Structures are given as structure tokens and as C-alpha cells.
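What follows is one chain in C-alpha cells, specifically the form predicted on its own.
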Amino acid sequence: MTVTDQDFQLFIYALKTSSKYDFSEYSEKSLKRRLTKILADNKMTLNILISKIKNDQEFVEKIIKEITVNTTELFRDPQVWHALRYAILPKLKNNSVINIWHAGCSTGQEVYSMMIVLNEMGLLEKTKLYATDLNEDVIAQAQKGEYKYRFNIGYLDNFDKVIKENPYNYEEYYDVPYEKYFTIDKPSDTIQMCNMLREKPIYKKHDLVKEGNTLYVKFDLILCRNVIIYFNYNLQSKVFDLFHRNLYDNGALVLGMHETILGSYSVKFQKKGHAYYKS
């Protein structure tokens, strides 16, 4: 079915008035796509969907999870991880404590990637990692640290590019075995992260749209990759304000490859390579 503008507004209004969720400032284009899929997958008309939203909070949570499903993988965009390893994180090596926030952590592969890099740099022990998402199911998977091997097999190449190779000195090669950080069980199609990594982060459900800093610490580095692309301009500005207020001076914000800071907040950050530093 085709979702009209009126259908979309009715759906947003039902969520806003019957639940704690407000999607009114999300990107209309991507949300309409998700709404179309929800109606098809649940074999529902819009009227039935709205009625269930008004009367069934469990169903609302299910819908929120369907709206916010997103994908991630180990060492996504290796060039970003090269920048983190060789340009961004070295600035923090003299800190007594390093605070890092993964905002919109999804199923956690980015968090594990960060911990592996930090460990190789000798910085993991003094780092506190916080990982948040609106979707409780993906947080549970992140905490479990278990992934499909066949789905992730291609991303082991990214591990090699970031952890074993140095793009700035091809003569350097670090022979880091996968077993140092995770076990691969091909018959059961699983990659299981080691306990040392699984027990390290603090995970929390968090709504970037409606909540402030509920972690109550300031950060040296915030990663929010491929999240704000789903927000409209006003909501992006609110989120950038949240990040700006909760970064230390000269703290860094890393966004997705196709995301950028526009408008009034562009002058509050200075872009260097793949990071935006708090001015």
C-alpha cells in the first residue's frame, strides 16, 4: 500500500499521544518507508495499526523496534577506524580516564571494534565505554556479543585492515589472531566475543530525541554514526547541542561517512579529517 502524507501524520500523532515516543522530527522519507513495511509485515490497515498503538503498549514497543532496526558490522568503514587509531585516540593517551559514548550502538559491533582498537593501543583498561540505543533488543544482543559468522565473514577483512595492517606504513604488520578477541565456530555459524570485551561497556536504553545526558559523565569522544541521517534539521540541531554540551573542550564527535554538521552548530565544531572537535 501507499502511505499518504495524512496516513503518516496520523501514525506519528498516535505514537506521540499514546506512548512516550515522538518521531515527529524524524526524516519523513525514511519513516514512511518503515511504516509501509510495518503495515505489510503485520498485514494491517492503518486504522487497525493506530487502534493497537492506542490500546496495546507491548505492541507499541514491537513497532518501535521495527522502526529503529539498523545494521552495523565490525570495523565498518575502515578509513574511519584508521583515523580513530592513528589521529583521534592518540590525542587521549595521556588522559587518566577516557570516556567514550557510542550513541545509537545498535547490535554492538562498533563497540567491540572500539575495544579491540583500544586494547591494541594499550588504552582499554583506563577507558570507560558507554553504549546506548532506543531499541532494547539490539542492546541485549550487544551485551551477548554473539553474531552470525557467515553474515560477518566479509567484515573479518576489515579487522585485518584496521588491526593487522598500518595504512601509513605498509612494512608494519601486526600478527593479531582473531582468537585474541573472539571465537569462531563455523558449524554453529557463530562469532562469540570474549568475556573481557563483553563485560567492559555500560549499556543503557536511551532516547536521543527526548532525553538529555542520562549517563551523567562528560566525554572525550562520542560516536554517533548513521543515526542523524534519519532526523530532520531541527532534531539534528538538538542532538548536536546535546553532544556539544557533554563533550570536554577539544573532545571529538565522529559521525557516519555521509553525515555532516550543518547550520549554527557547524561553527561550534572544527572538522579535522573524520572527526568534529568541540571548539
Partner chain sequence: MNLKSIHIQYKFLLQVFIFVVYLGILTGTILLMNGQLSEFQQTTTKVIRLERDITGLHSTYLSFLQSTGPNDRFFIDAENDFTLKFDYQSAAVLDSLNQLSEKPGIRKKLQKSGKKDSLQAAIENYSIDFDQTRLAMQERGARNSGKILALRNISTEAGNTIYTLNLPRVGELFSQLKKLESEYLFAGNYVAFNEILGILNDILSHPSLYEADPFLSSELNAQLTEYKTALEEIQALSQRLGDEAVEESLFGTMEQDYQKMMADYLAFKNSWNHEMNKARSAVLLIGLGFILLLSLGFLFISYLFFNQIRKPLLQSIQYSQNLAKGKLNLEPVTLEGAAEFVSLNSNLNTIHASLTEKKRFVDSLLKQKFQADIDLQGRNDTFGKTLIALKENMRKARDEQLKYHEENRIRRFQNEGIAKFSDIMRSNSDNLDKLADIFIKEIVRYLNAIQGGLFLLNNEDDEILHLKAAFAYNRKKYLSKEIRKGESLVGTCAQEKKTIYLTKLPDDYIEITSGLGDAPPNNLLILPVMHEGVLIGVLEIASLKPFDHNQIELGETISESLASSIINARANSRTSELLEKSQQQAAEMAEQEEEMRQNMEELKATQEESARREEDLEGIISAIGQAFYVVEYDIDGSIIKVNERLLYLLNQHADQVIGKTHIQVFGKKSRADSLLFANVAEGKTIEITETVQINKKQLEMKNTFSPIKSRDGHTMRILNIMNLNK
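Note that this is a predicted model, so its numbers are computed, not measured. Numbering follows the first chain given and starts at 1.
Only in words, not in the display: the form predicted in complex with its partner chain, which the text now covers.
- Partner contacts here mean any heavy atom within 4.5 Å of its partner chain in the predicted bound form, and among 198 to 206, 87 to 95, 148 to 156, 118 to 126 they occur only in 148 to 156.
- Although the partner is absent here, T260 sits close enough that one of its heavy atoms falls within 4.5 Å of its partner chain in the predicted bound form.
- A residue is said to contact a partner when one of its heavy atoms sits within 4.5 Å of a partner heavy atom; T214 fails this definition for its partner chain in the predicted bound form, lying far away.
- Shown alone here, H244 lies farther than 4.5 Å from its partner chain in the predicted bound form, counting heavy atoms only.
- Interface residue remark: K43 is not counted as part of the site for its partner chain in the predicted bound form, having no heavy atom within 4.5 Å.
- Of the listed positions (K54, K210, K218, K37), a single one reaches within 4.5 angstroms of its partner chain by any non-hydrogen atom in the predicted bound form, namely K37.
- Residues are counted as partner-facing when one of their heavy atoms sits within 4.5 Å of its partner chain in the predicted bound form; in 214 to 233 these are N226, I228, I229, Y230, F231, N232, Y233, in sequence order.
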